[in-house]
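Each of two forms of one protein chain follows alone as structure tokens, named structure 1 and structure 2.
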Structure 1
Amino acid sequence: MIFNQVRQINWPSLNQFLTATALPIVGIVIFLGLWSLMAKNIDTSLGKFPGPASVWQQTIVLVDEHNAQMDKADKFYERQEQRNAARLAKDPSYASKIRGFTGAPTFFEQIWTSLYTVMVGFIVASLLAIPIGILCGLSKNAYTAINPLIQLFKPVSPLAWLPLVTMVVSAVYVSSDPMFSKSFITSAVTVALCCLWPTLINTAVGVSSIDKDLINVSKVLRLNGLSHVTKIVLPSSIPAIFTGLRLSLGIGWMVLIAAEMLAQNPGLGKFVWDEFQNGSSESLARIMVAVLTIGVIGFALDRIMLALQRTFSWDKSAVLR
């Protein structure tokens, strides 16, 4: 009797609860189980493949290392102040300054570097891709002219671009007191080159498929070129542009890791490469921590873009996933 009541009352909400929360948990639990089972049976020359437990352990080690490094940084600044004071006493003309901590970047600082680099590359790419995309969408001739180039460069791997970008950046970016390191510029430019295309294509498609009625309205109102773009074109192609941006950011994040490995930009890519070079018994577990971190951040970036897309899109009925 009671059982029946429970069934009657709770079925719909239980069902929702199951699909929304329980199923992902089931998926993750099965994954963890399979992972630890397989890990036990894979022998590498660096020992057993890391299972969930050793990855968790290395996560804690990385946090501890971060904290230890922060302590070292504090002491570094203390020593530096004393040293500056001592030198000023001997050499009053000395313009003393406090230099940044010289220790190796920790895992968390490397995550920050990666995020910063990908964002710079992504923003540069978007600033280029959206205007060109609008141009291609407005003018059939421009599209016909640019399309072969888009198709040609779209499938090029970042690893192919990187040597070229490296050499060009070395040659062009010469400064005695550089604001950014070359490795950062190289990585960001490579990211920009690879994540330009989805935004460009989607913008062009969005712009070219604007409702004829809207274009007629613009004609009737005799809007000038700029107003036509800002009042009609941009608002109506926002959903398509955001679809492109989301794809671009996803590609940019993937490309970044490869670019950092080769360009030696001190982010997650370099972390993975350095750990691979270390070849210690903990290296694989530490790389696995980075892999999961890369995944989680990629997922988070995508969700942020989705939220932005929802906010800016006028078509609230569209299903976004």
Structure 2
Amino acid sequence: MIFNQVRQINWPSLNQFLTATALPIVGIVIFLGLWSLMAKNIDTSLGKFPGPASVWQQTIVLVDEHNAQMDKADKFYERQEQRNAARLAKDPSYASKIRGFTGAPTFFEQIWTSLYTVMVGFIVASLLAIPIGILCGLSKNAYTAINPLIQLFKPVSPLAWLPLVTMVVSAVYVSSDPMFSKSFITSAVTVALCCLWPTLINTAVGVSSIDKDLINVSKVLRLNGLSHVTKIVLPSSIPAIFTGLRLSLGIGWMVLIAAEMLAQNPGLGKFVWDEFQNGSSESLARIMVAVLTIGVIGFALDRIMLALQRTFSWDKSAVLR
């Protein structure tokens, strides 16, 4: 029985396996070879352009620096706990405090900051764009009213908003004990501004393209507004919504790095700019590590969204790449 089940599995052919695995490896090897050859012939003011070997060496250095910083932080907190324990032994009424470690963020902490920021901005934009897109798709009057604003603000680079966002956040977000830093709010709002439009437009297009038969079914069943949206509109427009979400996340990730560089907000963009300003002989290799990391994370985010799209989309026959 098990043998029959194994035989019924649709195993990929050898040709398909080689195409899926060997060709990407060949492409990467060719890229590394050309990169290594070209790097030897490029002289910059900071020395030779880094090749793959130099970049790999700096990757290891960044890992070591992160581990050293984590050890330093652990010892910092350990000393505080020992100091507080000694004080409590002498004075049981002593209110102990633990101060946060204020060491410079490591490369991996900068990665986490950028990821956290882009996800917050992306989620905020999605929560705004999807309902507005559904409204625009369902109501011609709403679309006519909102479309001029979409066409006006859609072409504006989010980086053009950055000075305004920075000033508004500084003026509005005033607190003696802020939950989030102003730099985080500024970066997240900038990401949200650029993530808004692709999701909104694709959602509106998807909703307005729903099959008329499904609309008639909703009328025959006399579904109320909420049931019509949840049982007819959302399931039918999910492929278009996910297309907008994938575009939004990719654009948001690119814009975040530029915004962090321009505004000097914590994250991978600031890491790149700081290394550029540092001007040491290893700076170019460290910047190249950040560039490759940004690319890998962008690719991973797109694959995650693609997997979610394949999971939730009703159209399993669609070719998704």
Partner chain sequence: MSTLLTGSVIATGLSAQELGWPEKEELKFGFIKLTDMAPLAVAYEKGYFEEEGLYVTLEAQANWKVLLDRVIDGQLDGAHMLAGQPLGATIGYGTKADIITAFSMDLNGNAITVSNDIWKEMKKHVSHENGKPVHPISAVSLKPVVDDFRSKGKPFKMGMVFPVSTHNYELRYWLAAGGIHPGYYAPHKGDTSGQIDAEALLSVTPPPQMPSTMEAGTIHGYCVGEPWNQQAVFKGIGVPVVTDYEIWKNNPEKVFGVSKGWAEENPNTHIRVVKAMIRAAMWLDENNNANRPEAVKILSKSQYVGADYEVIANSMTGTFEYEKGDKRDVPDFNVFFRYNATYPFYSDAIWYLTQMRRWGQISEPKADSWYKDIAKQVYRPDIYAQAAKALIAEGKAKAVDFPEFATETGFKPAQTHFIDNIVYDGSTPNAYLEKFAIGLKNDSKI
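Here, residue number means position along structure 1's sequence, counting from 1. If you're wondering where the values come from, they're calculated on a predicted model, not measured in any experiment. For the two forms, the rigid core is made up of the largest set of C-alpha atoms that agree within 1.5 Å on superposition.
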Only one structure is the form predicted alone, namely structure 2
Verify the C-alpha shift of residue 216 between structures 1 and 2: is it 2 Å or more after superposing the core?
no
Residue 84: after superposing the rigid core, is there a C-alpha shift of 2 Å or more between structures 1 and 2?
yes
If the two forms are fitted on the core, does residue 170 show a Cα displacement reaching 2 angstroms between structures 1 and 2?
no
Shift in Å of the C-alpha at residue 93 between structures 1 and 2 after core superposition
6.7
